[in-house]
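Before any questions on binding or motion, here is one chain by itself as structure tokens, the form predicted alone.
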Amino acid sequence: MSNVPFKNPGWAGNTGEFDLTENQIRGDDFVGERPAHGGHASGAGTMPYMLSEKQPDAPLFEGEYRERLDKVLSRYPTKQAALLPALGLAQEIRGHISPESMDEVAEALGLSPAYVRGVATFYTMYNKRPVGRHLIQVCTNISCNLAGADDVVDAFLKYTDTGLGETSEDGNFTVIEAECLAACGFPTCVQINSRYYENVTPTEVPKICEHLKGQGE
């Protein structure tokens, strides 16, 4: 841990008598660079889909991404049942789910555009507008709130020089509040793209942001 610039690099760390690296715990050394085609069909629909690099104008469901969508569809009894992972795949590629993207997903799955929009707008995990390379979601529900979540939010907003939901001028950060991140035992919890940071305090915020600037994801 000595080479990490702050105490919480977004992983659980060692437990028990094990002496494991971050790559071993995350499985990065086994998985390697994640393929666009999703690997085996059993995992094609469960890959994290909030990446730092976004391509808003990229085509959906072509090439390797078409192969992944086909794998996702093979895991469900109907195309309608595969809607959530299909939306996740669209967000992975473009960074957010625009009305145009919703229509393309609807066409690919043979669903009505209205149905897809109703589902996509129901879930907060889908970004309905562009966000920064690092989407910072700070839990402000009761456990985190009691532990000072509002101060953590303020620290992120101060560092990024933004308001809630705004993207910093350099395009790196968007800060929003989250209702609950299911880590009530480790407040304040912060989700940044697809990784969780636990026990975050305001004093750690600048170091976390500087760390993120040097990371690809």
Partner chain sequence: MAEMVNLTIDGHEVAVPRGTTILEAAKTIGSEVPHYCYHPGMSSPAMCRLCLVEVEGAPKPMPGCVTTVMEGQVVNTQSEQALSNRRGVLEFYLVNHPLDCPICDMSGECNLQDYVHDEGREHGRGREPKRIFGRDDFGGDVLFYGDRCVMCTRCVRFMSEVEQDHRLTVVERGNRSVIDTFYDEGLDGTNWHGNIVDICPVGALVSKDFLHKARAWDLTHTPSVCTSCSQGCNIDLHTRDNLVQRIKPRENLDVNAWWICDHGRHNYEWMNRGDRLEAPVMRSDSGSQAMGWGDALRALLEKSDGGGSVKAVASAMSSNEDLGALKALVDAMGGGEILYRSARAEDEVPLRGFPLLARRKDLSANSTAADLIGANRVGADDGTGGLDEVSNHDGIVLVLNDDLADQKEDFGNNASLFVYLGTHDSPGAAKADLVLPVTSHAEGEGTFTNHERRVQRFAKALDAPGMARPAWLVLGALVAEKGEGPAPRSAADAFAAMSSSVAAFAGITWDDLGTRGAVLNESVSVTGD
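Numbering follows the first chain given and starts at 1. Predicted model only: the values in this text are computed from it and were never measured.
Note that the form predicted together with the partner chain isn't included here; everything after this is about it.
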4.5 angstroms heavy atom contact with the partner chain in the predicted bound form for residue 107: no
Proximity of residue 76 to the partner chain in the predicted bound form, heavy atoms at 4.5 Å: no
Partner contact for residue 118 in the predicted bound form: the partner chain, 4.5 angstroms, heavy atom: yes
Residue 102: touches the partner chain in the predicted bound form, heavy atom cutoff 4.5 angstroms: yes
Residue stretch of 118-126, 86-94, 139-147, 67-75 approaching the partner chain in the predicted bound form, non-hydrogen atom distance within 4.5 Å: 118-126
